[in-house]
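Form predicted alone, single chain, as structure tokens, below.
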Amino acid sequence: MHNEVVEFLNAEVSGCNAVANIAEVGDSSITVDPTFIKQVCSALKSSDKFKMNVLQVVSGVDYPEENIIEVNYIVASFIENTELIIKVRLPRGDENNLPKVESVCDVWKAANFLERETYDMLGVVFENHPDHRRILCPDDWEGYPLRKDYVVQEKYMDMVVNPPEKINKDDIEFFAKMRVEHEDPTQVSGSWVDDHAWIDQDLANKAKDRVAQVKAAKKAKADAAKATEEKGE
């Protein structure tokens, strides 16, 4: 199906550069040029063959090492009983220059709240959205909680955001321990970062060092492979 959809999109939406990501494990997907996301979604919805009449999910994933935020759209045809993941990759930017992509609210009304949540959690701006504002956090909240470098503010309107007595200390320390012991700690993603005053700081430092070591080793390996490739050319 994915290769058929790619062929259809590249013919129907010139310049969208659709590419199939066929997964050996997990879900396959299709990546398109973000400039054409609205046209791509509209083409899939109106297609007599694919009939993607439902938008189920809009979500995002932060890849700070690549300076990328990926936005995922899970669309489905309740007519054909099929489902598809469409992806766009955006420059991560910063708080003064947030990533932007066209809203698909005109294609599916369900996009309204879904895009607002992705904006609220990851700082992705959906241009031409009819009601573009936060949906979970207050309008004046600082930062975007699902970005991997997010640091929660200590107080909001004089209220302590994360009082120690309400923090699941065992959960945080469990993931810190996993980062120390796991073969690839960069694959371990917990619900909190390790650098909080209320957890074992020796453990937190070991976790940070372990992640840094693995990242450095990966980079050295990638650099060596690139150098070998360039030398071969």
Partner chain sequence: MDISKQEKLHTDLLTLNMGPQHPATHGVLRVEIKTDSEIIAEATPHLGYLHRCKEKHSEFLDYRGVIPYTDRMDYLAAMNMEHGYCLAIEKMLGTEVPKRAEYIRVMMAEMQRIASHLMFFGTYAIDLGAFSPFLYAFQDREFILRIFEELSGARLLYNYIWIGGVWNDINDAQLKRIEDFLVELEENVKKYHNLVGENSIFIGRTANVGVVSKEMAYEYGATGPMLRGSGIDWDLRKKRPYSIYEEFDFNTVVGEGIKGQVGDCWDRYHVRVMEIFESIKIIRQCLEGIEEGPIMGKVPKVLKVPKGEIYMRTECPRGELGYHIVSDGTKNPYRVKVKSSCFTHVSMLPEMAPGQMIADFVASIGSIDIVLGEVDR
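Residue numbers count along the first chain shown, from 1. On a predicted model such as this, the values are computed, not experimentally measured, just so you know. Whichever C-alpha set is largest while still superposing within 1.5 Å between the two forms counts as the rigid core.
This protein has a second form, the form predicted in complex with the partner chain, left out of what is shown; the following refers to that one.
Contact annotation for residue 147: at least one heavy atom lies within 4.5 Å of the partner chain in the predicted bound form. In the predicted bound form, the partner chain lies farther than 4.5 Å from every heavy atom of residue 156. By the criterion of a heavy atom within 4.5 Å, residue 121 is counted among the residues contacting the partner chain in the predicted bound form.
Contact between residue 132 and the partner chain in the predicted bound form is not found at the 4.5 Å heavy atom cutoff. Just one listed stretch, out of 32-40, 203-211, 47-55, 160-168, contacts the partner chain in the predicted bound form at the 4.5 Å heavy atom level, and that stretch is 47-55. Taking the partner chain as positioned in the predicted bound form, the residues of 17-37 that bring a heavy atom within 4.5 Å of it are, in sequence order, 25, 26, 27, 29.
For residue 128, a C-alpha deviation below 2 angstroms is recorded between the shown form and the other one after rigid-core alignment. After superposition on the rigid core, displacement of the C-alpha of residue 162 between the shown form and the other one amounts to 2 Å or more.
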